[in-house]
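A lone chain, given as structure tokens: the form predicted alone.
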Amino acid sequence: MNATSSPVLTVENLSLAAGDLVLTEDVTFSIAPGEMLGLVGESGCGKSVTALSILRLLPEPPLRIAAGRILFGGRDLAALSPGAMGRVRGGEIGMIFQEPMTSLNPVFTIGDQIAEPLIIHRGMKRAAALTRAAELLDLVGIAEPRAALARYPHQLSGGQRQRAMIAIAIACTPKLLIADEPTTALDVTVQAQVLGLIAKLRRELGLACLLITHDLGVVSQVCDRAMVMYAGRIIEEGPVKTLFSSPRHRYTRALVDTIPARNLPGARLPAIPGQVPAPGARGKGCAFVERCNAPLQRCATSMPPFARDPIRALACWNPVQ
């Protein structure tokens, strides 16, 4: 990553809402060319809805971008027309979804689904697009790629379907790849293969990548920086090595403590009591206050500011010292 390069993506003070219900608030981050940025947090904290908002894939209404900007290639994606946004999706930004079996179309062959963005965004003829589709299947590690072009999603294993999804996402050589829980439905061995493939493609193609996951172990393996999200807000952000070696927010500290590799073999993993408060059930102060092991009085009444220093950014009144 070139620290002097302009960001590929800059999200500024993004807030998402459904009617009067605030889902995410003041989300701010950027991704540099070639950088892998991890977005982590428990289920229900707002990770996936943030990713979908970048590509304007949220159903509008009832959901809407209430505030903020999504800057990509000199354009604010939040303000683009549906037609202009359609040219960005698949052409300039690729996305790998959580579950390929529901994301791939069951009535079209894998070859046709990979060829489609090449035909739409690159103006290729079908024969040329299918030839390129076979090359992409070979690139993502599917054996006998020419034969795989004629197969349907149900004829592939879970790992093969995810590789096919990755081939679709990178078909037009996008500048940004968004991977939303890309290994959720896969077994451990295949998870490692898919993560290795994404890291390899990132290096070889120079992709900027936003990886969304609830698994800090995954982030520690492949990401350069990480953001921790809780109840719709980014609460800590910094280089992965710094975040893992010296987490400052007490939620980040609790998450790091649950990583199996940081515990004795066979030991019971520590748990974080309670659950993420639902939108509409968040108080005026820090949303983590009811689960925190060292809250201050003002934590319940005042939202901590998101303060940035040269190394990291943090929103906590009583950080780990």
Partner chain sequence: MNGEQKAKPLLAVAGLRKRYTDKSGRRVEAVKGVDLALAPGEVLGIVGESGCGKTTLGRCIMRLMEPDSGTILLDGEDFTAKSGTALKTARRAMQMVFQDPFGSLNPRHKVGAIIGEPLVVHGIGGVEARVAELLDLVGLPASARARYPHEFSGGQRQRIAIARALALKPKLIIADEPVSALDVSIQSQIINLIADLKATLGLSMIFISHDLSVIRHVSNRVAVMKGGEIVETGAAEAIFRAPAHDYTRSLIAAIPMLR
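Bear in mind that the values here come from a model prediction, so they are computed numbers and not experimental data. Numbering follows the first chain given and starts at 1.
Below, we turn to the form predicted in complex with the partner chain, even though it does not appear here.
If you check the partner chain in the predicted complex, you find no heavy atom from any of 96, 104 and 147 within 4.5 Å. Of the stretches 165-173, 83-91, 220-228, 119-127, only 220-228 has residues with a heavy atom within 4.5 Å of the partner chain in the predicted complex. Although the partner is absent here, residue 216 lies within 4.5 Å of the partner chain in the predicted complex, judged by heavy atoms. Although the partner is absent here, residue 284 sits far enough away that none of its heavy atoms falls within 4.5 Å of the partner chain in the predicted complex. Contact between residue 293 and the partner chain in the predicted complex is not found at the 4.5 Å heavy atom cutoff. Though the partner is left out of this view, residue 272 does reach within 4.5 Å of the partner chain in the predicted complex, counting heavy atoms only.
Taking the partner chain as it sits in the predicted complex, the stretch 26-46 comes within 4.5 angstroms of it through a non-hydrogen atom at 42, 43.
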